[in-house]
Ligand SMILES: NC(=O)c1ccc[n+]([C@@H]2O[C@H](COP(=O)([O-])OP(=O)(O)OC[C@H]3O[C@@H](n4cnc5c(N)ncnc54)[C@H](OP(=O)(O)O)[C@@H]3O)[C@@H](O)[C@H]2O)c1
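One chain comes next, on its own, written out as structure tokens in the form predicted alone.
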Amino acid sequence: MNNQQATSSGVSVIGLGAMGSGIARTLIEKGFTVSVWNRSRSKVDALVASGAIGCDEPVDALNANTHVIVCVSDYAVWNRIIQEHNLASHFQDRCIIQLTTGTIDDVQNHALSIHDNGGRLVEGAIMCYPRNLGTDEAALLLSGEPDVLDECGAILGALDAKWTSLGEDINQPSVLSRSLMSGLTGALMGLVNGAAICRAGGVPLDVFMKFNEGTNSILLAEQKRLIEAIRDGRTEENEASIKAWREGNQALNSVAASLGTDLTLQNAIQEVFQEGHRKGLDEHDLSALVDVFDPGQ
């Protein structure tokens, strides 16, 4: 790392979807000189109107600054951009801050390509909405070599003052972010499903919302307890057994079926409970279902 790279106030952003545009706008607001490129020129022009420097080609964005943030829809898109525009030969002495969602194979293959072509890499995941960037609600998960993370500190800090380093293992942001998405998606899908059941059964959604808000503190405490039980191997202790949870879900299925609502979510959950039953976990804590999802441990 040299001082010019560490202190440069210039950064390029490739990919101007909702998140990429949010990244570019946040950096502009924080005083950075931001060069941008996107396949759709209209998105480039919208950022130019906000103070960005528009690039006609992605290679122009790579050449404009030593630090380049990539935030496209997936690695397949990014790989096509690399191939169509012969970008690999321009990675030399560039630091790529990769904020594109991908598989572990995507992440590892991309890292090899960057390093083989003389570049440096920060691998990351964003766990917030674009509007949260640059605020206390921002959440960036990042991995990379310590000196590379350090050299990108000013850029990363502008997006999230409390960004989290997960160390040098570049797989960690993908693993952690997708794990968090599992819990979040499950909770929100369950919430929407509950709203559908209430609506079908004539329960006012304002009433549903009021009582749902009351369960949030219980949910947070239970989430913490479950993770600690898995971590400490205490999955046999319980106040409510897997059998009790399974029977509760069966009752939910019965109500949902009588109201004519879709049972896809409940049936999927019931199958997990049934697998727990087949593994002899009926009298264990809900946390013991970790052995259903991860039977190799």
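Owing to the predicted nature of the structure, the values given are computational and were not obtained by experimental measurement. The numbering used is simple: start at 1 and walk along the sequence shown.
The following text describes the form predicted in complex with this ligand, which does not appear among the structures shown.
Only one of Cys152, Cys198, Ala138, Leu99 lies close to this ligand in the predicted complex, with a heavy atom inside 4.5 Å, and it is Leu99.
A heavy atom within 4.5 Å of this ligand in the predicted complex is found for exactly one of Asn109, Asn212, Asn79, Ser73: Ser73.
Although the partner is absent here, Phe208 sits far enough away that none of its heavy atoms falls within 4.5 Å of this ligand in the predicted complex.
Contact annotation for Gly10: none of its heavy atoms lies within 4.5 Å of this ligand in the predicted complex. This ligand in the predicted complex is approached by Ser40, whose closest heavy atom lies within 4.5 angstroms of it. Taking the partner from elsewhere, Leu286 is found to have every heavy atom lying beyond 4.5 Å of this ligand in the predicted complex. Of the candidate stretches 168-176, 80-88, 155-163, 114-122, only 80-88 has residues whose heavy atoms lie within 4.5 Å of this ligand in the predicted complex.
Of the residues in 128-144, those that come within 4.5 Å of this ligand in the predicted complex through at least one heavy atom are, in sequence order, Cys128, Tyr129, Pro130.
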